[in-house]
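Single chain ahead, by itself, as structure tokens, in the form predicted alone.
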């Protein structure tokens, strides 16, 4: 077990080193720090007798009395921004890191090591995932602490949302890995991943779409695509419900998306093991 774990850890460390060298990690950290600075210095929250008296943003004071509601709404906005825009940035950055593995000279060097191909690809996958996860957790925990200190509210739904964000990125990263193995192109990996991110919100409205389609086969195609592809929009709704302490209607989007990620990552590893370089 240790003999297999050591090369994986080495590959994860190498991914972090490359992320630092390419300024990817620092770019993420800089954006997160800027947002945390915004929360600390730009937004001032005044609490009087356990109730929120005013919130001041950019020098403009807005009276309010609902502490918990305001905090949860603000946290949901931050979580949604991190979920969607952070995902876009993460896909751009990770596509380059994955494609770099297949550069001439580098792939031959990796394959010359006494490490199985499965562990090579898995180590690179985990390294990319941890680079993004570290920044997501930094922003989420940092903003959670800021809101907690300012308002005295320490709800766990906001922290839990970061795990779902990391989870969905992990699934999209599996797509990047598979495309990288097939075509060795960061551009193609980005296009395919973005295609999925664009299509899934449309498929979320499948009930409306099916009413507009006259052919039975076309309605079946929409239904199949909805259940097969990752459900990024549905999981975004689940994240918002968790932060606002609302009931989640169904967890199907989570486990079906996880199944998609497992199958795609396994396909990438299997194809990588069979390829010749």
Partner chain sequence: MPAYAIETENLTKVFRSRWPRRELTAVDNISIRVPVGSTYGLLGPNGAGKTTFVKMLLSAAHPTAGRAMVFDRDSREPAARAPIGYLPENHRFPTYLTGWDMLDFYGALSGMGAAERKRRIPDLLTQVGLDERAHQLRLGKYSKGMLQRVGLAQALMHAPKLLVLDEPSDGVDPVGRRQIRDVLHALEQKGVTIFLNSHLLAEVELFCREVAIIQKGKLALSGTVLELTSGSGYRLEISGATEQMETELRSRARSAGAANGMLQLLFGTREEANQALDLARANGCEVETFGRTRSTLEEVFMKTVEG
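Bear in mind that the values here come from a model prediction, so they are computed numbers and not experimental data. Residue numbers count along the first chain shown, from 1. Just so we're on the same page, rigid core means the largest C-alpha set that superposes within 1.5 Å between forms.
Same protein, other form: the form predicted together with its partner chain, not shown, and the subject of what follows.
Only one segment in the set 96 to 104, 180 to 188, 128 to 136, 141 to 149 has residues whose heavy atoms sit within 4.5 Å of its partner chain in the predicted complex; it is 96 to 104. Contact annotation for residue 17: at least one heavy atom lies within 4.5 Å of its partner chain in the predicted complex. Interface residue remark: residue 24 is not counted as part of the site for its partner chain in the predicted complex, having no heavy atom within 4.5 Å. Contact annotation for residue 206: none of its heavy atoms lies within 4.5 Å of its partner chain in the predicted complex. Contact annotation: residue 116 falls within 4.5 Å of its partner chain in the predicted complex, judged by heavy atom distances. The single contact residue among 199, 88, 163, 111, judged by any heavy atom lying within 4.5 Å of its partner chain in the predicted complex, is 111.
In a rigid-core overlay of the protein, residue 23 has its C-alpha displaced by at least 2 Å between the shown form and the other one.
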